[in-house]
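Only one chain comes next, encoded as structure tokens, the form predicted alone.
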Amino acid sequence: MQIDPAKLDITERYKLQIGAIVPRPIAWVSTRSESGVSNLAPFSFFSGIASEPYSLLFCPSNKPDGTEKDTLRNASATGEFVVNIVTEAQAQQMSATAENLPDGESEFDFAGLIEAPSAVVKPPRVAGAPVSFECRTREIVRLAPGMPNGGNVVIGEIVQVHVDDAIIDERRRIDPERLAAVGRMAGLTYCSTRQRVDIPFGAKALDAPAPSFT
């Protein structure tokens, strides 16, 4: 089957992406409005960019009416945000923070989460998150300003990292088993990242036994 995306509506395009690009890491992004209200929302179009400059990105789409979501608006207005890593233990609360709350209400309160102070930026971290990246907004690329569900790319420079001592060793290596991160599949489906296999790099991969994912 060959598909011309120009002939698909936005929902059909979205389904193709989230069904094929899996599993996706989740950026649980906390921001603070100019009036001081804390906001928290999950985004699974998320990736690290580089170690120099130390940076990451996440992609909040516009609302169905074309206006900007609180996270995008806050990251733009204040120039700061925090990306928290989602674990199995907080997966339900993470999903709850996708609720569209009225202006002035905080997802932290709605989901029963505790705000933890950040060290450099004003937005709080999620208490209990094993890793949090404090970021300053470096650039925002608005791909379809004012368009319903239009895409945006928020690039942040990481200015402080918080890591639970229980999951990291002296060489700055994070134990994936203890991290117990959660990934996003299509629809309402999530996955654990604790099922893993090792595959050698480069030519050695061709000589190694076929990996078993079962």
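Only a predicted model underlies this, so the values are computations on that prediction, with no experimental measurement involved. Numbering starts at 1 and runs along the sequence shown.
Keep in mind the form predicted together with another copy of the chain is missing from the figure; the text below concerns it.
K.L.:
Report yes if all three of 69, 114 and 137 come within 4.5 Å of another copy of the chain in the model of the complex by some heavy atom, otherwise no.
P.N.:
Not a single residue of the candidate spot has a heavy atom within 4.5 Å of another copy of the chain in the model of the complex.
K.L.:
Can you tell me if residue 57 lies within 4.5 angstroms of another copy of the chain in the model of the complex, counting non-hydrogen atoms only?
P.N.:
Within the cut-off, so yes.
K.L.:
Quick one: does residue 106 come within 4.5 Å of another copy of the chain in the model of the complex, counting heavy atoms only?
P.N.:
So residue 106 does not count as contacting another copy of the chain.
K.L.:
Contact with another copy of the chain in the model of the complex for residue 37, defined as at least one heavy atom pair within 4.5 Å: yes or no?
P.N.:
Taking the distances in the model of the complex, the answer for residue 37 is no, it never comes within 4.5 Å of another copy of the chain.
K.L.:
Quick check on residue 182: any heavy atom within 4.5 Å of another copy of the chain in the model of the complex?
P.N.:
Yes.
K.L.:
Scan 102-132 and note down the residues that get a heavy atom within 4.5 Å of another copy of the chain in the model of the complex; none is a fine answer too.
P.N.:
Contacting residues: 110, 111, 119, 131.
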